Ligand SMILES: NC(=O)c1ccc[n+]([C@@H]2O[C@H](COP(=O)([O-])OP(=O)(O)OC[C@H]3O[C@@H](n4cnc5c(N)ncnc54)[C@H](O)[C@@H]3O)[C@@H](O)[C@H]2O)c1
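Just one chain is shown here, as structure tokens, and it is the form predicted on its own.
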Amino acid sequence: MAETTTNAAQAKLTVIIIGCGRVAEKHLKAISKLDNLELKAVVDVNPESAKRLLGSVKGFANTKVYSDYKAAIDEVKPSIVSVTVPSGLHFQIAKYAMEHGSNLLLEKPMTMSVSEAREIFELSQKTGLKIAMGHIYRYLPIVGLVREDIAEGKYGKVTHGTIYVRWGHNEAYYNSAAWRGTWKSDGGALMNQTIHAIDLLVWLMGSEPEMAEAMIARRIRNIEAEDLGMAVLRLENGALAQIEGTTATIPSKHMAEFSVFCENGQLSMGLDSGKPHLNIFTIRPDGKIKKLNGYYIRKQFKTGGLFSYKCALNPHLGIYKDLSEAIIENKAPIADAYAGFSSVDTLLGIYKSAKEGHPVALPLKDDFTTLDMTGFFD
């Protein structure tokens, strides 16, 4: 038995990437850094997109290209299917892949409806196959260490948290693909640009959302969905979370920040035009304030692991490493199938609250989809 386990651990996990757009290059770079993964094929209906992707990273020029994802899955029978297509196609591909025995690396959001997200989560539970969600912020350095300390009560009771994602996109971005900014295939600033941060904030605060209240607006961008959204979540532990997400800001000035406030400490982490910043404080027993940035930086260097500083440059490296270990050791990935379902349920609860004009309870009892928002701004 031990020999079989060793051989399984040493065998390479095979991967196919379905969708050769922008984010797929990050997948390719991550795979190129990991010795236990082997890219067997890429899939795209546009052969030029596949050619561009394979030429973007050295060593993949001769990788097989498919135009039909079902044919690729049936012929290759990969260990991992990486889904990087527009969000509206996630459900059908994820379901087919899992029904044919593949684990998943699934970009956010998991699906565009609550019922579909629940079905994918339950399929993972039933089959034992692993799903790693592309919730990249969970894989940034220091984040996991801080979460452990919050969960262990080092900072006392969590009172509230805040996030803003001011990720400006101009009309050229939305015009670059017909599906961008649509309710059917993409959603707006909250579903597309802000879901990472919402997932991270809830994860850090250590409790599931039980209520959402929100408003959305279309202020500048000529899209079907919102370019600005604001929401408040109440978590099961009583803490509150405040959310702002927008693409109606300066495109060259991308900014994102999340903060968590506790009884005996607080932390803020974020990016401003690509430059990271970090501030972590605690209250010592003598009442004085102590900054803990250096403590966590040193601890991160010492522990390394999945949350290495290389993952800050490409968090998908951490996701692939984590998923590989999850498959081999039969454990849950850090951003697992439930995280995918929960984040979709929370986002769609936010949309439902905005549509109906009142708070809504979470998790949602009835199905709700982004298509239910069609015509909201008409």
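The first residue of the sequence shown is number 1, and the count goes up from there. Keep in mind that this is a model prediction, so the values were computed, not measured.
The discussion below concerns the form predicted in complex with the ligand, not included here.
Colleague: Pick the stretch from 192-200, 117-125, 216-224, 259-267 whose residues have a heavy atom within 4.5 Å of the ligand in the model of the complex.
Modeller: Among the candidates, contact is made by 192-200.
Colleague: So which of Ala151, Ile250, Leu271, Ala177 gets a non-hydrogen atom within 4.5 Å of the ligand in the model of the complex?
Modeller: It is Ala177.
Colleague: Exactly one of Ile31, Ala337, Leu323, Val43 has a non-hydrogen atom within 4.5 Å of the ligand in the model of the complex; which residue is it?
Modeller: If I apply the 4.5 Å criterion carefully, the residue I get is Val43.
Colleague: Please run the contact check for His316 against the ligand in the model of the complex: heavy atoms, 4.5 angstroms, yes or no?
Modeller: Contact with the ligand, yes.
Colleague: Taking any heavy atom pair closer than or equal to 4.5 Å as contact, tell me whether Arg138 reaches the ligand in the model of the complex.
Modeller: Flag for Arg138 set to no.
Colleague: Just to confirm, Leu89 within 4.5 Å of the ligand in the model of the complex by heavy atoms?
Modeller: Leu89 belongs to the contact set for the ligand.
Colleague: My question is simply whether Pro109 lines the interface with the ligand in the model of the complex - judged by any non-hydrogen atom within 4.5 Å.
Modeller: Looking in the model of the complex, residue contacts with the ligand include Pro109, since a heavy atom lies within 4.5 Å.
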